[in-house]
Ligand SMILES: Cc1cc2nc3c(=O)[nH]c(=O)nc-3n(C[C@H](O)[C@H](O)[C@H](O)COP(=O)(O)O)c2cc1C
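In structure tokens, the next block holds one chain alone, the form predicted on its own.
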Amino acid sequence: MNRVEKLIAEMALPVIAAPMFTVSNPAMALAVCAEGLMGTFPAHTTRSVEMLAEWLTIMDEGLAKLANSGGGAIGPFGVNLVVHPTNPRLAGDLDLCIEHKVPVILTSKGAPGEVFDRVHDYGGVVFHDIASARHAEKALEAGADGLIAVCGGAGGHCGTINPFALVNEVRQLTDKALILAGAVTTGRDVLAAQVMGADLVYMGTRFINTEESSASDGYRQMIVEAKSNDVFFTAAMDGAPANLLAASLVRAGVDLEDLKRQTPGAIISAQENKKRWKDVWSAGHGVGAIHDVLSVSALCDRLKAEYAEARAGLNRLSAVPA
């Protein structure tokens, strides 16, 4: 059993609480790990390398307490790093993750083999964001241990390919770990992803509506009220395709019809418009199944129960004669 297989086998449910900018934090990550799932946060949510060092220390101390508590399975911990050369903090953030021996590094926007090598040197694993088979090929060539298939319907920056299509294409390239991202909201969805060929899932939007997240009450309420057709897809925010809550765009004074006609980055590049974007909120197509705000513990209990029920249903179905 290799490192990735061991990591997955020791999880209580094959779910990664996705690293969400300004939403994920150490409290949420630790609460997720306490339930045997993978807790994460993005390094770029912190305002400085010094703040990232503080967060990593909180995680080290919190995980040590969990280990000494004698409870159930403790999930692994991961940090998202933007590994594109334009990220001025990459070197410092990576050095800190290496110093703290973060078990899982979740990389995006580029696939530099030298970064992957440095993570492997201390025994860590790397899961890399991909949105197409070509992205997958590059990440595999660079040495990624697993691929995060960011499909159409994911919140925030996202891909556009249907999950069935992308999973099938990637599975033709590798038998390495595959993580499915995009509108995964319930325990039943987790099982469906496994049946499709994924090993793990990324679950983001559902974890926004947890008590431990850094999301505002207004953000959470907007998710409760939203349906999938209230999610607006655009590349005008920063040049990369993203799914955003339409109501937050309208509240920020954005004309959605005008936004449809904008070239990527045109609106956000205007200095006078920068302030209004701070309250533009992202979400995936799974919002229509989210009707409440729960503690991480209560949400994980629900996911586990839904997953077990779905598995039982699948077993009953398989027992029916053809």
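Keep in mind the model is a prediction, meaning the values are calculated, not measured. Residue positions are given as counts along the sequence shown, with the first one as 1.
FYI, the form predicted together with this ligand isn't displayed, but the following is about it.
For Gly146, no non-hydrogen atom is located within 4.5 Å of this ligand in the model of the complex, even though that partner is not displayed. Taking non-hydrogen atoms only, Ser213 never approaches this ligand to within 4.5 angstroms in the model of the complex. Not displayed here, this ligand is kept clear of Ala139 by more than 4.5 Å at the level of heavy atoms in the model of the complex. Interface membership of Ser108, defined by any non-hydrogen atom within 4.5 Å of this ligand in the model of the complex, is confirmed. Exactly one of the stretches 63 to 71, 292 to 300, 39 to 47, 249 to 257 approaches this ligand in the model of the complex with heavy atoms within 4.5 Å, and it is 39 to 47. Taking this ligand as it sits in the model of the complex, the stretch 195 to 221 comes within 4.5 angstroms of it through a non-hydrogen atom at Tyr202, Met203, Gly204, Thr205, Ile208, Tyr219.
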